[in-house]
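Have a look below at one chain only, the form predicted alone, in structure tokens format.
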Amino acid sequence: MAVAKTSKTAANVPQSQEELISGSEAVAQALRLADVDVISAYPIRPYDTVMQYVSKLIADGRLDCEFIVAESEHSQFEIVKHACSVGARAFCGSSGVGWMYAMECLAVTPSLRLPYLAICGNRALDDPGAFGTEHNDAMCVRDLGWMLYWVETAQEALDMTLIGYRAAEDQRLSLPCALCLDGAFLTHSAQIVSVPPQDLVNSYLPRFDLGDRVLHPDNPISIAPQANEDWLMEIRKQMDAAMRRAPEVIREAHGEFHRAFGRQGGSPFIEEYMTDDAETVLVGMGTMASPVRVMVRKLRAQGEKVGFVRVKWFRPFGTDEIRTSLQRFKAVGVVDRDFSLGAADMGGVLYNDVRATMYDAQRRPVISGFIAGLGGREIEEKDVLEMFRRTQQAGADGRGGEVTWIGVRE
């Protein structure tokens, strides 16, 4: 860790410290600032670097928590689930097939309304064995009541850990939240990060309070009852009601964070880049934003009206913001770092979510889909250029619906 300098995050705000750290270390620093009570760990690349940094913080006396090394990913998620039920602010994470091994725990946590935070260091699902980035691991819980955010930078990893706890623990929601970090591209890459002072974080993030749902001998309640057909639909409807409240809570959490720290302004759900007069835009999530922005600038220098829209919160999906944004453009290309084999038009998950969102738009752009960067393959400038050209051609032809795999060897 290299300390660069100190700076102020906003007017009259206590000084922050700028450090050269990876996305994983940024999450660990945020866990220290959030004063997390229980952290469970089981090593699997690439998320495991978070736990390495957590271990160092504990060894250096900078973090005081129960750090429990489990014998599997399944036990790891069970530990934090039960820690959360007794009122502990909890954290764990995993990647790829490790995330899948914990699926039983991941599936039941939202219905138990236990708002712990997890990270998914996005990694391809075996076999064949691969450690590179794909988004399918985290997306396996997209329909189950988890809130999901795709992080782009190390700074955002720190910020969103704090915002994630603030939103998840809000008693209007009480839903688990997963931060998705592209493996290697973000988990292991060092960037300059502004680490805020403890007092400022304390003023933003209140202590965790489950209210009258804390599991305690003095508060006899039932958790995970056998409901079957008697009450299952009512439980699911309560989860749906909470997720419907999530956009409002998220906007509040982001807004208060921006006022306190001077970052994370604008829409919490999408980020637009050079879109004011754009006719053609690409849409994507995570670290692919960097090469896309580079190509946008190059094409803009040539006079082309192109732009980029980054989706940030994937669940809840920013339906209103995405619909309002994309209906301004002539042609839209959606880039998926995932696959949904057999889906409508053989498209990726984000592609079909975007198309569903635009179905009721007053003005529908022509929408094309792309599968790119699977297994951690680089999305290079030439790939981005090809996606822009195909999207522009679809707009000129007035025909969307085509899904193209980019960068595949013949």
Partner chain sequence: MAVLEQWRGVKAIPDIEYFASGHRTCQGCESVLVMRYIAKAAGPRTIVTGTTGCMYVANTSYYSTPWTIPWMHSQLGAAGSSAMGTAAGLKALMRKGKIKDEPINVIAFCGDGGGADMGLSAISAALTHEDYNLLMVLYDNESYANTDIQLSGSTPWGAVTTFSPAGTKHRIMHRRWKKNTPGLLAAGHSGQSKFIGTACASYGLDFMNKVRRALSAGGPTFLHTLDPCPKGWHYDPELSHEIGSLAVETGIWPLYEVNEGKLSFTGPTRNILLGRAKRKPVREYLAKQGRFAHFTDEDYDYFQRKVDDMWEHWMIPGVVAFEMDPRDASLLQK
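Positions refer to the first chain, counted from 1. Just so you know, these numbers come straight off a predicted model, no measurement behind them.
One more form of this protein should be noted, the form predicted together with its partner chain, which is absent from this view; the next part is about it.
Contact residue in the model of the complex, from Leu112, Leu200, Cys140, Ala242 (heavy atom within 4.5 Å of its partner chain): Of Leu112, Leu200, Cys140, Ala242, the residue with a heavy atom within 4.5 Å of its partner chain in the model of the complex is Leu112.
Report the residue, out of Pro128, Gly211, Pro220, Gly303, that has at least one non-hydrogen atom within 4.5 angstroms of its partner chain in the model of the complex. Contact check passes for Pro220.
Using a 4.5 Å heavy atom cut-off, are Val151, Ala190 and Val335 all in contact with its partner chain in the model of the complex? Contact check failed for every one of Val151, Ala190 and Val335.
Proximity of Gly265 to its partner chain in the model of the complex, heavy atoms at 4.5 Å: Heavy-atom contact with its partner chain at 4.5 Å: absent for Gly265.
Consider Glu378 of the chain shown here, and say whether it contacts its partner chain in the model of the complex, taking contact as heavy atoms within 4.5 Å. Contact check for Glu378: no, nothing within 4.5 Å of its partner chain in the model of the complex.
Taking heavy atoms only, is Ile44 within 4.5 angstroms of its partner chain in the model of the complex? Contact with its partner chain, no.
Considering non-hydrogen atoms and a 4.5 Å limit, does its partner chain approach Glu71 in the model of the complex? Result yes; Glu71 sits at the interface with its partner chain in the model of the complex.
Counting any heavy atom within 4.5 Å as contact, can you tell me which stretch out of 178-186, 80-88, 325-333, 158-166 lines its partner chain in the model of the complex? Among the candidates, contact is made by 80-88.
Across 182-202, which residues bring a heavy atom to within 4.5 Å of its partner chain in the model of the complex? Stretch hits: zero.
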